[in-house]
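Each of two forms of one protein chain follows alone as structure tokens, named structure 1 and structure 2.
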Structure 1
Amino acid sequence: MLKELTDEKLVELAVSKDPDAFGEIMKRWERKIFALCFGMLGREDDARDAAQETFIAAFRNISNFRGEAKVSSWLHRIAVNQCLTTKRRAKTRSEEFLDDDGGESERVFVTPAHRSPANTTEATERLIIVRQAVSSLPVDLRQVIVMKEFEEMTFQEISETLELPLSTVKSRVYTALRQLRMKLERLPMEIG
């Protein structure tokens, strides 16, 4: 029965203390939110934590959901904010690490698990570069490219979720890919 309801109706039920309603919302969105967090953060454990925090924050603030925006927009907004918080925390941690490490270069810290490229394959190195390139995109561009590739949303869906004109979404995806191309051409030299 819950499967047939819209997201907005499920939120209403969740507000009225229906324990299964929010579970259904989570079931619908968990893969996409996890994908968004993975694309934004580039690490599985960080993505898992961010997605978990997203759902907790959503549930805590569910009474504040006014219904003016779509549930997908609301969840994406929370998730992106959560990812940014996670990134800030990671940056603070990395700065503390660098301080402790006597100022080791950032390049080495960014991929601490891959300090020995000798035992990694070329494909793995390429993935690291791509991850870094996506991670260095501005948030608005990174968000649309992650929604497009990881969540596999259409331009129309992204437009509705972000409450942006369709042309803006297309333009952002295009700009994101162009910037990515330039970064991918530059990064191997910086990393290598």
Structure 2
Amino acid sequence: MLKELTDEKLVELAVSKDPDAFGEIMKRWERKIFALCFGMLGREDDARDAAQETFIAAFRNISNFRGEAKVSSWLHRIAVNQCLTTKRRAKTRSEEFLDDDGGESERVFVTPAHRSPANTTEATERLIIVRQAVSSLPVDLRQVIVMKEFEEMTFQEISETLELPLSTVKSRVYTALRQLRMKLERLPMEIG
């Protein structure tokens, strides 16, 4: 049964043209890859497209997977590259994407039903402010903070995924957190 196989074994089967093997890889990783793309891009539609392109690229290049990194790291790297490509294409936009989220934050981050309307509004406003602060970070800092804080990846996993030295990853995470703290402290609205 495919569910019991390791990711690496599934890749071997996929290379030998077992169509169900790649399907199992997608099932295992589609939510994490979508979450990473959403964290980097901020728009559900863009994230869905980037995640889909990630798996298309992985499928096309499955025979090139050398096993030097984990399958998850390989997929995350493809997703990061896809997000960077998406950001470059969207660079002509005059405003950042979170200024026009079309209410997506309410759909993606559902608040519990027992909250009062005032609490729900306040939480939504805080969420939007935090998302705007994250989106305003430079891409190299945003990608590591999304992976560390939202994807809950370890420093080592981020290092492998981005093919960066561990010390660089740690430095970028701490720099990103410091910049976020400064941005949020400067806001006139009370957070917390």
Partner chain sequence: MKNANISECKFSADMVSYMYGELSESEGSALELHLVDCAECVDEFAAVSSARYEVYDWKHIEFDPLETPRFEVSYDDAVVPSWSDKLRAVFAQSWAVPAFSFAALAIVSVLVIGLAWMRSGDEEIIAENPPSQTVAVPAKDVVKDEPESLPTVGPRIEVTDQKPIVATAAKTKASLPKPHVAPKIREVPATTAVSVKGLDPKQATAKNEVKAAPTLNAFDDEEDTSLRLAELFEDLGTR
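Nothing here was measured: the structure is a model prediction, and the numbers come from that model. By convention here, residues take numbers in order along the sequence of structure 1, the first being 1. Note that the rigid core is defined as the largest set of C-alphas that superpose within 1.5 Å between two forms.
A.B. asks: Please identify the form predicted alone: structure 1 or structure 2?
C.D. replies: Here the form predicted alone corresponds to structure 2.
A.B. asks: Align on the rigid core first; then say whether the Cα of residue 170 has moved by at least 2 Å between structures 1 and 2.
C.D. replies: The answer is yes; the displacement is at least 2 Å.
A.B. asks: Cα of residue 70 displaced 2 Å or more between structures 1 and 2, core superposed?
C.D. replies: Superposed on the core, residue 70 moves its C-alpha less than 2 Å between structures 1 and 2.
A.B. asks: Core-aligned, what's the Cα displacement of residue 140 between structures 1 and 2 in Å?
C.D. replies: In the core superposition between structures 1 and 2, the C-alpha of residue 140 moves 4.1 Å.
A.B. asks: Can you give me the Cα shift for residue 129 between structures 1 and 2? Core-superposed, in angstrom, one decimal please.
C.D. replies: Shift of residue 129 at C-alpha, rigid core superposed: 3.1 Å.
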